[in-house]
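Next up: a single chain in C-alpha coordinates, the form predicted alone.
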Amino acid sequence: MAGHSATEKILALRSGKKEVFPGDVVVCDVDGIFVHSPWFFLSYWKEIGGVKRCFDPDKLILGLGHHVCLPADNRYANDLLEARKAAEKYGFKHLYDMGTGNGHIIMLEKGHVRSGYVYVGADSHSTIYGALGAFGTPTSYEVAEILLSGKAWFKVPSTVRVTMEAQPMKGVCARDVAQYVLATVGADGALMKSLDFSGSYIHSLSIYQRMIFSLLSVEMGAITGFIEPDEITRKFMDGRVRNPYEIVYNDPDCVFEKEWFVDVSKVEPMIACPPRPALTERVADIEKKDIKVHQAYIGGCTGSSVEDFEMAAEILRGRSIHPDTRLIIVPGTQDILKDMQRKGLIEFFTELGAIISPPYCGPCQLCCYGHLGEEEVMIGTHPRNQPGRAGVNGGIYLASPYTVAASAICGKITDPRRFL
(Lines give C-alpha, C1' and ligand atoms only; values in the text may rest on other atoms or scores of the structure.)
Protein backbone atom coordinates (compact mmCIF):
# COMPACT_ATOMS: atom_id res chain seq x y z
CA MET A 1 0.00 0.00 0.00
CA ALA A 2 1.28 3.49 -0.88
CA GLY A 3 2.42 5.86 1.83
CA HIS A 4 0.53 8.86 3.13
CA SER A 5 0.69 12.53 2.18
CA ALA A 6 1.67 15.08 4.83
CA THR A 7 -1.91 16.35 4.94
CA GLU A 8 -3.23 12.87 5.68
CA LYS A 9 -0.62 12.44 8.41
CA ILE A 10 -1.45 15.78 10.07
CA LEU A 11 -5.18 15.01 10.07
CA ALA A 12 -4.47 11.57 11.51
CA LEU A 13 -2.31 13.03 14.29
CA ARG A 14 -4.82 15.71 15.26
CA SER A 15 -7.76 13.27 15.19
CA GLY A 16 -5.96 10.66 17.29
CA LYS A 17 -5.97 8.02 14.55
CA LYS A 18 -3.14 5.77 13.43
CA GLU A 19 -3.81 6.62 9.78
CA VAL A 20 -6.46 8.14 7.58
CA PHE A 21 -7.23 7.90 3.88
CA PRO A 22 -8.74 10.28 1.29
CA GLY A 23 -12.51 10.31 1.71
CA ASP A 24 -12.44 9.54 5.44
CA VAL A 25 -14.29 11.96 7.71
CA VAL A 26 -12.29 12.88 10.82
CA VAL A 27 -12.88 15.09 13.84
CA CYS A 28 -9.68 16.99 14.64
CA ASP A 29 -8.41 19.15 17.45
CA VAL A 30 -8.06 22.72 16.18
CA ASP A 31 -4.94 24.57 17.26
CA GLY A 32 -5.83 28.09 16.16
CA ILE A 33 -8.80 30.05 14.85
CA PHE A 34 -8.33 33.30 12.92
CA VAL A 35 -11.23 35.75 12.65
CA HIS A 36 -10.87 39.15 10.98
CA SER A 37 -14.46 40.41 11.34
CA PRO A 38 -15.69 38.95 14.64
CA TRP A 39 -19.00 40.83 14.60
CA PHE A 40 -20.17 38.31 11.99
CA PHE A 41 -19.96 35.36 14.38
CA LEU A 42 -20.18 36.84 17.88
CA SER A 43 -24.00 37.00 17.98
CA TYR A 44 -24.29 33.39 16.79
CA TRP A 45 -21.60 32.31 19.25
CA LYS A 46 -23.52 33.88 22.12
CA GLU A 47 -26.79 32.33 20.92
CA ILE A 48 -25.40 28.77 20.99
CA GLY A 49 -23.83 29.09 24.42
CA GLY A 50 -20.55 30.87 23.84
CA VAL A 51 -21.00 33.19 26.80
CA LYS A 52 -20.72 30.17 29.10
CA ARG A 53 -17.59 28.59 27.70
CA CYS A 54 -14.77 28.86 25.18
CA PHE A 55 -12.59 25.82 24.62
CA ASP A 56 -9.38 27.88 24.84
CA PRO A 57 -9.29 31.71 24.71
CA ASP A 58 -5.59 31.45 23.83
CA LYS A 59 -6.40 29.86 20.47
CA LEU A 60 -8.67 32.57 19.09
CA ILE A 61 -6.83 35.26 17.14
CA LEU A 62 -8.84 38.39 16.33
CA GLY A 63 -7.49 40.49 13.47
CA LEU A 64 -9.48 43.71 13.74
CA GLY A 65 -6.87 45.52 11.67
CA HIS A 66 -7.09 43.08 8.76
CA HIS A 67 -9.78 44.83 6.70
CA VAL A 68 -9.91 48.12 8.57
CA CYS A 69 -6.95 50.42 9.17
CA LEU A 70 -9.26 53.34 10.04
CA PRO A 71 -13.08 53.04 10.13
CA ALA A 72 -14.71 54.62 7.10
CA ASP A 73 -18.04 55.06 8.87
CA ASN A 74 -19.79 54.67 12.22
CA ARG A 75 -20.93 51.16 11.42
CA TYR A 76 -17.34 49.88 11.23
CA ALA A 77 -16.34 51.94 14.27
CA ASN A 78 -19.16 50.45 16.36
CA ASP A 79 -18.41 46.92 15.11
CA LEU A 80 -14.80 47.32 16.20
CA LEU A 81 -15.89 48.69 19.56
CA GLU A 82 -18.16 45.70 20.20
CA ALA A 83 -15.38 43.30 19.25
CA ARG A 84 -12.99 44.94 21.73
CA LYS A 85 -15.62 44.74 24.48
CA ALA A 86 -16.23 41.05 23.71
CA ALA A 87 -12.51 40.28 23.83
CA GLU A 88 -12.23 41.87 27.27
CA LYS A 89 -15.43 40.28 28.58
CA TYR A 90 -14.75 36.73 27.41
CA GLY A 91 -10.99 36.67 27.88
CA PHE A 92 -9.88 36.35 24.26
CA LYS A 93 -6.13 36.78 24.56
CA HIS A 94 -5.00 37.77 21.07
CA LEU A 95 -6.53 40.92 19.61
CA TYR A 96 -4.68 42.77 16.85
CA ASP A 97 -6.34 46.14 16.45
CA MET A 98 -6.26 48.79 13.73
CA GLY A 99 -2.83 49.50 12.33
CA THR A 100 -1.39 46.07 13.16
CA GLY A 101 -1.94 44.81 9.65
CA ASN A 102 -2.97 41.80 7.61
CA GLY A 103 -4.17 39.05 9.94
CA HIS A 104 -2.90 36.15 7.84
CA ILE A 105 0.66 37.45 7.91
CA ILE A 106 0.33 38.31 11.62
CA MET A 107 -0.69 34.70 12.29
CA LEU A 108 2.67 33.54 10.96
CA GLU A 109 4.80 36.45 12.18
CA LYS A 110 3.55 36.26 15.76
CA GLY A 111 3.98 32.50 16.09
CA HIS A 112 0.32 31.49 16.09
CA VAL A 113 0.99 28.85 13.39
CA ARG A 114 3.37 25.91 13.78
CA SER A 115 4.24 22.98 11.58
CA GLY A 116 2.19 19.83 11.90
CA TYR A 117 -0.95 21.37 13.42
CA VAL A 118 -4.46 22.35 12.28
CA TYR A 119 -5.66 25.93 11.78
CA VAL A 120 -8.92 27.38 10.50
CA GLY A 121 -9.86 30.91 9.58
CA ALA A 122 -13.04 32.80 8.81
CA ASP A 123 -11.49 33.86 5.52
CA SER A 124 -11.08 31.95 2.28
CA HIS A 125 -7.35 32.66 2.15
CA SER A 126 -6.63 30.67 5.30
CA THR A 127 -4.88 28.14 3.07
CA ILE A 128 -1.85 30.41 3.60
CA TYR A 129 -0.91 28.63 6.85
CA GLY A 130 0.36 25.68 4.83
CA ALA A 131 3.43 27.81 4.06
CA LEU A 132 4.78 26.65 7.44
CA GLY A 133 3.91 23.00 6.90
CA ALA A 134 0.59 23.20 8.77
CA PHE A 135 -2.92 22.28 7.68
CA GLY A 136 -4.70 25.59 7.14
CA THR A 137 -8.19 25.82 5.68
CA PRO A 138 -11.08 28.30 5.54
CA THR A 139 -14.31 28.08 7.50
CA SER A 140 -17.19 30.50 7.92
CA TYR A 141 -19.79 30.69 10.68
CA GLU A 142 -18.51 27.30 11.83
CA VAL A 143 -15.83 29.17 13.77
CA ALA A 144 -18.43 29.83 16.48
CA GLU A 145 -19.01 26.10 16.95
CA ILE A 146 -15.29 25.33 16.78
CA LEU A 147 -14.69 27.93 19.46
CA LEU A 148 -17.09 26.06 21.73
CA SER A 149 -15.70 22.58 21.17
CA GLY A 150 -12.12 23.06 19.99
CA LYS A 151 -12.81 20.56 17.22
CA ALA A 152 -13.77 20.53 13.56
CA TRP A 153 -14.64 17.76 11.13
CA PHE A 154 -12.93 17.39 7.78
CA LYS A 155 -13.24 15.08 4.83
CA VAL A 156 -9.67 13.95 4.21
CA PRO A 157 -8.63 15.29 0.81
CA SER A 158 -6.53 13.55 -1.78
CA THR A 159 -3.30 15.36 -2.63
CA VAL A 160 -2.12 16.85 -5.92
CA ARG A 161 1.37 18.26 -6.40
CA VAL A 162 3.11 21.03 -8.31
CA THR A 163 6.89 20.60 -8.62
CA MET A 164 8.90 23.69 -9.57
CA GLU A 165 12.54 23.44 -10.59
CA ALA A 166 15.26 25.89 -11.76
CA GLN A 167 15.50 29.63 -11.12
CA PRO A 168 13.67 32.50 -12.85
CA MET A 169 14.93 34.97 -15.41
CA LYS A 170 15.56 38.60 -14.49
CA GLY A 171 12.32 40.46 -13.79
CA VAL A 172 10.41 37.32 -12.74
CA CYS A 173 9.63 36.62 -9.08
CA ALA A 174 7.49 34.31 -6.96
CA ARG A 175 4.25 36.12 -7.83
CA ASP A 176 4.84 35.53 -11.54
CA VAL A 177 5.54 31.85 -10.96
CA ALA A 178 2.48 31.52 -8.71
CA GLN A 179 0.29 33.15 -11.37
CA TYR A 180 1.75 30.78 -13.97
CA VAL A 181 0.94 27.82 -11.70
CA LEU A 182 -2.61 29.14 -11.21
CA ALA A 183 -3.08 29.36 -14.97
CA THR A 184 -1.62 25.87 -15.42
CA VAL A 185 -3.66 24.14 -12.71
CA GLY A 186 -6.78 26.20 -13.42
CA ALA A 187 -9.49 27.61 -11.18
CA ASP A 188 -10.79 24.12 -10.35
CA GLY A 189 -7.75 21.95 -11.06
CA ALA A 190 -7.24 21.23 -7.36
CA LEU A 191 -10.89 21.35 -6.34
CA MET A 192 -11.32 20.08 -2.76
CA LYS A 193 -7.74 18.75 -2.81
CA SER A 194 -4.65 19.34 -0.75
CA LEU A 195 -2.26 21.18 -3.07
CA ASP A 196 1.37 20.29 -2.36
CA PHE A 197 4.17 22.58 -3.63
CA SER A 198 7.62 21.07 -4.03
CA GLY A 199 10.90 21.39 -5.92
CA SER A 200 14.14 23.34 -5.65
CA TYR A 201 12.48 26.64 -6.54
CA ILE A 202 9.89 26.72 -3.75
CA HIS A 203 12.57 25.73 -1.23
CA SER A 204 14.81 28.58 -2.36
CA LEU A 205 12.19 31.15 -1.36
CA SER A 206 11.67 33.00 1.91
CA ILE A 207 8.54 32.23 3.94
CA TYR A 208 6.99 35.52 2.80
CA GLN A 209 7.32 34.48 -0.85
CA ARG A 210 6.10 30.94 -0.12
CA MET A 211 2.97 32.46 1.41
CA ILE A 212 1.95 33.57 -2.09
CA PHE A 213 1.66 29.96 -3.29
CA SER A 214 -0.15 28.65 -0.23
CA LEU A 215 -2.59 31.56 -0.28
CA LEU A 216 -3.36 31.30 -4.00
CA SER A 217 -4.14 27.60 -3.55
CA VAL A 218 -7.74 28.52 -2.82
CA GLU A 219 -7.95 30.19 -6.24
CA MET A 220 -7.27 26.72 -7.68
CA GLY A 221 -10.06 25.21 -5.60
CA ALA A 222 -7.81 23.61 -2.99
CA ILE A 223 -8.73 23.36 0.68
CA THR A 224 -5.09 23.79 1.75
CA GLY A 225 -1.75 24.66 0.18
CA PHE A 226 1.06 22.67 1.78
CA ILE A 227 4.83 23.22 1.60
CA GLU A 228 7.11 20.73 3.34
CA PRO A 229 9.13 22.44 6.08
CA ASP A 230 12.88 22.87 5.70
CA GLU A 231 15.66 24.82 7.40
CA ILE A 232 14.16 28.13 6.20
CA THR A 233 10.90 27.12 7.90
CA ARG A 234 12.67 26.24 11.14
CA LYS A 235 14.57 29.54 11.22
CA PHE A 236 11.35 31.48 10.65
CA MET A 237 9.62 29.70 13.53
CA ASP A 238 12.59 30.03 15.90
CA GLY A 239 11.86 32.85 18.33
CA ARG A 240 8.27 33.13 17.11
CA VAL A 241 6.59 29.83 17.96
CA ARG A 242 6.37 29.34 21.71
CA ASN A 243 5.06 25.77 21.80
CA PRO A 244 6.63 22.57 20.45
CA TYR A 245 5.87 21.69 16.87
CA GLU A 246 6.05 18.55 14.79
CA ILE A 247 7.56 18.49 11.31
CA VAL A 248 5.45 16.28 9.06
CA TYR A 249 6.65 15.12 5.65
CA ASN A 250 5.11 13.23 2.76
CA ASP A 251 6.02 9.55 2.88
CA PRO A 252 8.65 8.69 0.24
CA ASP A 253 6.24 6.24 -1.39
CA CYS A 254 3.29 8.66 -1.32
CA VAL A 255 1.33 8.64 -4.58
CA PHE A 256 -0.20 11.95 -5.68
CA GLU A 257 -3.50 11.98 -7.51
CA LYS A 258 -2.07 14.32 -10.13
CA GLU A 259 1.21 16.15 -10.70
CA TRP A 260 2.29 19.20 -12.65
CA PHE A 261 5.93 20.10 -13.41
CA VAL A 262 7.06 23.68 -13.98
CA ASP A 263 10.40 24.79 -15.43
CA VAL A 264 10.67 28.14 -13.67
CA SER A 265 13.44 29.36 -15.99
CA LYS A 266 10.87 29.56 -18.81
CA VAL A 267 8.29 31.60 -16.90
CA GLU A 268 7.93 35.21 -18.07
CA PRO A 269 6.31 38.12 -16.19
CA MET A 270 2.65 37.16 -15.78
CA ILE A 271 -0.52 39.15 -15.15
CA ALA A 272 -4.05 38.18 -14.07
CA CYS A 273 -6.67 39.98 -16.13
CA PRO A 274 -10.24 40.86 -15.13
CA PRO A 275 -12.51 39.33 -14.03
CA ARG A 276 -10.73 36.49 -12.18
CA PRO A 277 -7.25 35.57 -10.92
CA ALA A 278 -6.98 32.44 -13.08
CA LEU A 279 -7.31 34.48 -16.28
CA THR A 280 -3.54 34.86 -16.53
CA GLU A 281 -1.54 36.06 -19.54
CA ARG A 282 2.03 37.10 -20.28
CA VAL A 283 2.60 40.76 -19.45
CA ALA A 284 4.32 41.14 -22.83
CA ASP A 285 1.06 40.24 -24.57
CA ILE A 286 -1.13 42.54 -22.44
CA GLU A 287 1.36 45.41 -22.87
CA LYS A 288 0.50 45.47 -26.58
CA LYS A 289 -3.09 46.43 -25.73
CA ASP A 290 -1.91 49.78 -24.34
CA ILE A 291 -4.05 49.61 -21.18
CA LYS A 292 -3.88 52.81 -19.14
CA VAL A 293 -3.29 52.43 -15.39
CA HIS A 294 -4.84 54.99 -13.02
CA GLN A 295 -3.86 53.34 -9.74
CA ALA A 296 -0.94 51.07 -8.90
CA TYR A 297 -1.05 49.24 -5.60
CA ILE A 298 1.72 47.34 -3.82
CA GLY A 299 0.35 45.49 -0.79
CA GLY A 300 -2.17 42.83 0.16
CA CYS A 301 -1.52 39.36 1.52
CA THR A 302 0.37 38.36 -1.65
CA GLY A 303 2.54 41.44 -2.05
CA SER A 304 3.21 43.41 1.12
CA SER A 305 6.50 42.04 2.47
CA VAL A 306 9.73 44.00 2.64
CA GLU A 307 11.00 41.87 -0.24
CA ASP A 308 8.06 42.96 -2.39
CA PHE A 309 8.75 46.65 -1.72
CA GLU A 310 12.45 46.15 -2.42
CA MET A 311 11.56 44.66 -5.82
CA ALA A 312 9.39 47.66 -6.61
CA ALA A 313 12.13 50.05 -5.48
CA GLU A 314 14.61 48.30 -7.78
CA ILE A 315 12.44 49.33 -10.73
CA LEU A 316 11.48 52.79 -9.44
CA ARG A 317 14.86 54.02 -8.24
CA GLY A 318 16.02 56.96 -10.34
CA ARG A 319 12.66 57.21 -12.08
CA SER A 320 9.30 58.91 -11.42
CA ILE A 321 5.65 57.93 -11.24
CA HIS A 322 3.55 58.78 -14.28
CA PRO A 323 1.54 61.98 -13.60
CA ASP A 324 -1.75 60.22 -14.37
CA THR A 325 -1.08 57.28 -12.04
CA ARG A 326 -1.43 57.02 -8.26
CA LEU A 327 0.94 54.68 -6.42
CA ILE A 328 -0.37 53.27 -3.12
CA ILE A 329 2.01 51.52 -0.71
CA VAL A 330 0.46 49.34 2.02
CA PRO A 331 2.86 47.44 4.35
CA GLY A 332 1.50 44.07 5.41
CA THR A 333 2.11 44.43 9.16
CA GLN A 334 3.69 46.74 11.72
CA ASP A 335 6.80 44.55 11.75
CA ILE A 336 7.11 44.98 7.98
CA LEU A 337 6.54 48.73 8.31
CA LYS A 338 9.33 49.01 10.90
CA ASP A 339 11.68 47.03 8.68
CA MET A 340 10.84 49.30 5.75
CA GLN A 341 11.67 52.32 7.91
CA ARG A 342 15.03 50.82 8.89
CA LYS A 343 15.84 50.17 5.24
CA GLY A 344 14.83 53.67 4.11
CA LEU A 345 11.95 52.40 1.97
CA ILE A 346 9.30 54.60 3.58
CA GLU A 347 11.39 57.70 2.89
CA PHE A 348 12.07 56.46 -0.65
CA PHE A 349 8.40 55.94 -1.53
CA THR A 350 7.36 59.18 0.19
CA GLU A 351 9.85 61.24 -1.82
CA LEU A 352 8.64 59.48 -4.94
CA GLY A 353 5.14 60.84 -4.28
CA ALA A 354 3.52 57.54 -3.32
CA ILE A 355 0.61 57.34 -0.88
CA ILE A 356 1.71 55.45 2.24
CA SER A 357 -1.00 53.63 4.18
CA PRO A 358 -1.07 52.12 7.66
CA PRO A 359 -0.68 48.32 7.56
CA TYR A 360 -3.83 46.42 6.51
CA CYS A 361 -5.30 44.71 3.42
CA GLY A 362 -5.42 47.87 1.35
CA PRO A 363 -7.84 48.59 -1.50
CA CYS A 364 -8.40 44.88 -2.06
CA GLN A 365 -11.65 45.36 -0.11
CA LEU A 366 -14.29 48.08 0.10
CA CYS A 367 -13.55 48.99 3.73
CA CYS A 368 -11.36 52.08 3.96
CA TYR A 369 -9.99 53.80 0.88
CA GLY A 370 -8.54 53.28 -2.57
CA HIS A 371 -11.83 52.94 -4.46
CA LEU A 372 -11.66 53.48 -8.21
CA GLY A 373 -13.72 55.65 -10.49
CA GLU A 374 -16.09 53.87 -12.84
CA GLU A 375 -13.69 53.97 -15.78
CA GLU A 376 -10.45 53.65 -13.83
CA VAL A 377 -8.06 50.70 -13.97
CA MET A 378 -5.88 49.40 -11.16
CA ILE A 379 -2.92 47.05 -11.16
CA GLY A 380 -1.90 45.54 -7.83
CA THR A 381 -0.05 42.77 -6.03
CA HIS A 382 -3.14 41.65 -4.08
CA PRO A 383 -4.79 38.23 -4.65
CA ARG A 384 -8.19 38.92 -6.21
CA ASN A 385 -9.67 41.01 -9.01
CA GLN A 386 -13.31 39.97 -9.23
CA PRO A 387 -15.79 42.76 -10.04
CA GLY A 388 -16.64 44.89 -7.03
CA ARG A 389 -13.32 44.42 -5.22
CA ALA A 390 -12.60 48.16 -5.46
CA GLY A 391 -16.00 49.46 -6.42
CA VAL A 392 -17.38 49.79 -9.93
CA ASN A 393 -14.37 50.29 -12.18
CA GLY A 394 -12.72 49.66 -15.51
CA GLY A 395 -10.92 46.53 -14.35
CA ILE A 396 -8.31 45.24 -11.91
CA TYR A 397 -5.10 43.48 -12.96
CA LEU A 398 -2.86 41.43 -10.65
CA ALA A 399 0.87 41.18 -11.07
CA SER A 400 4.27 41.16 -9.38
CA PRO A 401 5.85 44.16 -7.64
CA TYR A 402 8.20 44.47 -10.64
CA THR A 403 5.30 44.77 -13.09
CA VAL A 404 3.25 47.08 -10.87
CA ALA A 405 6.21 49.42 -10.45
CA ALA A 406 6.97 49.45 -14.19
CA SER A 407 3.32 50.19 -14.94
CA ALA A 408 3.33 53.06 -12.43
CA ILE A 409 6.28 54.61 -14.28
CA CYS A 410 4.72 54.31 -17.73
CA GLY A 411 1.09 54.93 -16.77
CA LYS A 412 0.08 51.75 -18.57
CA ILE A 413 0.61 48.02 -18.14
CA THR A 414 4.29 47.46 -18.85
CA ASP A 415 6.71 44.53 -18.94
CA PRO A 416 9.27 45.27 -16.19
CA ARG A 417 12.21 43.72 -18.03
CA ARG A 418 12.79 46.92 -19.98
CA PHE A 419 13.83 48.55 -16.68
CA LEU A 420 16.18 45.76 -15.63
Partner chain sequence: MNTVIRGKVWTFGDNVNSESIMATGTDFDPAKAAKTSLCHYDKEFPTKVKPGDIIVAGRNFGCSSSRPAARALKFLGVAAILCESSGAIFYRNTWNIGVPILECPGISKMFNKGDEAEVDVSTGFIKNLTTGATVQAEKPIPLLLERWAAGGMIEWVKSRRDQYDTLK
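This structure is a prediction, so every number in the text was calculated from the model and none was measured. Residue numbers count along the first chain shown, from 1.
Unshown form predicted together with the partner chain; subsequent notes refer to it.
The contact with the partner chain in the predicted bound form, taken as any heavy atom within 4.5 Å, belongs to 122 out of 122, 86, 205, 177. Put simply, of 98, 148, 241, 284 only one has a heavy atom within 4.5 Å of the partner chain in the predicted bound form, and it is 148.
Taken together, 47, 52 and 142 are fully in contact with the partner chain in the predicted bound form: each brings a heavy atom within 4.5 Å. The partner chain in the predicted bound form comes within 4.5 Å of a heavy atom belonging to residue 192. The closest non-hydrogen atom of residue 352 lies beyond 4.5 Å of the partner chain in the predicted bound form.
The partner chain is not drawn, but in the predicted bound form it has no heavy atom within 4.5 Å of residue 117. Contact annotation for residue 366: at least one heavy atom lies within 4.5 Å of the partner chain in the predicted bound form.
Figure note: of the listed segments 181-189, 341-349, 306-314, 322-330, the one touching the partner chain in the predicted bound form, with heavy atoms no more than 4.5 Å away, is 181-189. In sequence order, 25, 40, 44 are the residues of 14-46 having a heavy atom within 4.5 Å of the partner chain in the predicted bound form; the partner itself is omitted from this view.
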